[in-house]
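Here you get one chain, nothing else, as structure tokens; it is the form predicted alone.
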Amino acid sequence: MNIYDIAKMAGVSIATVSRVVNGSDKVSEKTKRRVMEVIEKEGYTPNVFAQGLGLNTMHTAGILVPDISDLYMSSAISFLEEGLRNHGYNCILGCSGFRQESMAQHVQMLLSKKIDGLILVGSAYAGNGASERETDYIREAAAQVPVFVINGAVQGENVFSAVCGDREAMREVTRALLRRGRKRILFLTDSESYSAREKMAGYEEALTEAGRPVLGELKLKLRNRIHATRDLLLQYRNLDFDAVVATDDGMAVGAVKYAAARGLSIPEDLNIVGYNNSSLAVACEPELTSIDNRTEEICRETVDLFMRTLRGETVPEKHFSVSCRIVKRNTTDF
């Protein structure tokens, strides 16, 4: 028995049930009595929306990431945990890996802990675009608690998504490189996730609108490891490129090390742009131009949406986007 069942049996919306159990004065007495009669008859103890009645809520959020060692994901966890703690919520963290089966299993594990809501960090949870079935496990989880996806768009009732403007940011930085006369721009990615696909789309759109061909040889998928990137690029002795855009700072720093190994001057011979504006961007030499995807802001907005949803408030948008910004440093001359 969950809040969906109560809403269906009482003939009202989920939001109305949450308002009733939170003691909101925005519900008529008649509707309130009808909902409370169903709750008492079924022996339902509200969990997610129980705070207003002083009932037994865990005050706990579940947070799931594929890889906690990833700098983007670990920083997101930090921002989310701090924000939720400020609202009196504890967190249970899970690390699922990238296989869909493992993701679904970890979601069920967190649900078994009687969490009040679930936050999935990373575009891997939005699937690879092959089929909507890839994200069915998220909609199934949302039948029990609100689910919030960061950096990936997933549709469904009680599912909320937050993304950054990856396509627009990558399109703008590719345009800037083209305006500076860069003719062969290498695109580096480590996945085919929602976010990676958006970034590639922006890269391709900028090339197309400039009348430049989109060449498969200039799109490489590789491991997001600094030395692995350097070594792979060194293997491609006949691959000619004068700029690099990467979907993560780690691969971009690998390109910086490649340039050093080849004796190339940055930014004169090679322009390089990373993504996420992580600590790696200022730890390397020269310091790396990077696209800031506003992790702190997107996490802050997600926590706010989390709390408003649990309070039963009407939210204007289930899905929102945050604009990225280009942080110019020493690896580009645009």
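All of these numbers come straight from a predicted model, not from anything done at the bench. Numbers for residues come from their place in the sequence shown, where the first is 1.
Keep in mind that the form predicted together with another copy of the chain is not shown, yet the notes after this line are about it.
Contact between L305 and another copy of the chain in the predicted bound form is not found at the 4.5 Å heavy atom cutoff. Put simply, E81 is close to another copy of the chain in the predicted bound form: some heavy atom of it is within 4.5 Å. A residue is said to contact a partner when one of its heavy atoms sits within 4.5 Å of a partner heavy atom; R223 fails this definition for another copy of the chain in the predicted bound form, lying far away. Although the partner is absent here, D269 sits far enough away that none of its heavy atoms falls within 4.5 Å of another copy of the chain in the predicted bound form. Annotated contact segment (heavy atom within 4.5 Å of another copy of the chain in the predicted bound form): 285-293, selected among 34-42, 305-313, 285-293, 269-277. Contact check for A162, K318 and I326: none of the three has a heavy atom within 4.5 Å of another copy of the chain in the predicted bound form. With the partner omitted from this view, the residue of N128, N158, Q144, S75 that lies near another copy of the chain in the predicted bound form is S75 [heavy atom within 4.5 Å]. The listed set A176, A153, L207, C91 contains one residue whose heavy atoms approach another copy of the chain in the predicted bound form to within 4.5 Å, identified as C91.
In the predicted bound form, V253, K257 are the residues of 245-278 with at least one heavy atom within 4.5 Å of another copy of the chain, listed from first to last.
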